[in-house]
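What follows is one chain in structure tokens, specifically the form predicted on its own.
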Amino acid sequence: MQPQLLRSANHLRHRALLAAHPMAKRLLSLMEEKRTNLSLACDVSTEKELLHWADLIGPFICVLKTHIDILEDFTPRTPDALKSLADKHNFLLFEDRKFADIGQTVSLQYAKGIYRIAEWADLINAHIIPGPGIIEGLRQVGGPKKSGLLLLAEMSSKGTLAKGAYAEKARRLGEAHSDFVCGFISQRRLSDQPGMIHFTPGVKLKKGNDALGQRYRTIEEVLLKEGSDIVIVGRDILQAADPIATAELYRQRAWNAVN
């Protein structure tokens, strides 16, 4: 396979037609329409910041990735405001909750509590450590809502155990549950199924590392060499002197890398 052929604008349209999951169809179509394969990791601690960045960077992204549980001032109105901005700028909401418990527990974490993630998140993710029961538990809640699940197959941090045989197991589980799983968090393309969308974190304009073990690779390495679909970028945009210009630079480089 030549992975770049599967991610050009024409092939995004083709993949959307072939994808089994409605959220995969929606995301692939959105990427083609907006000409973007950029996701913003919006790891901020106040509602004001979250909504500011969602509105400011929303025109350049296909997915906004949140950590809703780090907000210090979350209220039930926060998800409604987020959904309004997602509609305004045409992007999906991905809550990076990283579920990692037995099926019964994750179904409650997904549907209940103060965050009620199932009511607003288009995408969620989960570790495969508990086995297939975690997929079944999340599917009971998210399946009827046509939400999508991403499996955490690989991570970008130094010393991660999520690699090799573990990643292969994640791939097999994802493909076996493609009616709910619509992709992976990974460092590379794992699946040839057209409806499986690969998200890769740890992306910057230049390679490097941070003080806590995060490793960064370039857009071209992730998309061209490793065959991923969507790059996840956070601090490089949020901390930029000109965030709008930086977001557009990332969008252009990521889109042009595969088109």
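This one's a predicted model, so the numbers in the text were calculated from it and none came from an experiment. The numbering used is simple: start at 1 and walk along the sequence shown.
Below, we turn to the form predicted together with a small molecule, even though it does not appear here.
Put simply, residue 194 is far from the small molecule in the predicted bound form: not one heavy atom of it is within 4.5 Å.
Among residues of the shown chain, residue 53 is not one whose heavy atoms approach the small molecule to within 4.5 Å in the predicted bound form. Heavy atoms of residue 234 reach within 4.5 Å of the small molecule in the predicted bound form, making it an interface residue.
The small molecule in the predicted bound form is not approached by residue 68, whose heavy atoms all lie more than 4.5 angstroms from it. This chain is displayed without the small molecule, yet in the predicted bound form the stretch 40-48 from 221-229, 56-64, 26-34, 40-48 comes within 4.5 Å of it by heavy atoms.
Out of the listed residues 138, 181, 126, 185, 185 is the one that sits within 4.5 Å of the small molecule in the predicted bound form by at least one heavy atom. Among 112, 98, 83, 146, the residue placing a heavy atom within 4.5 Å of the small molecule in the predicted bound form is 98.
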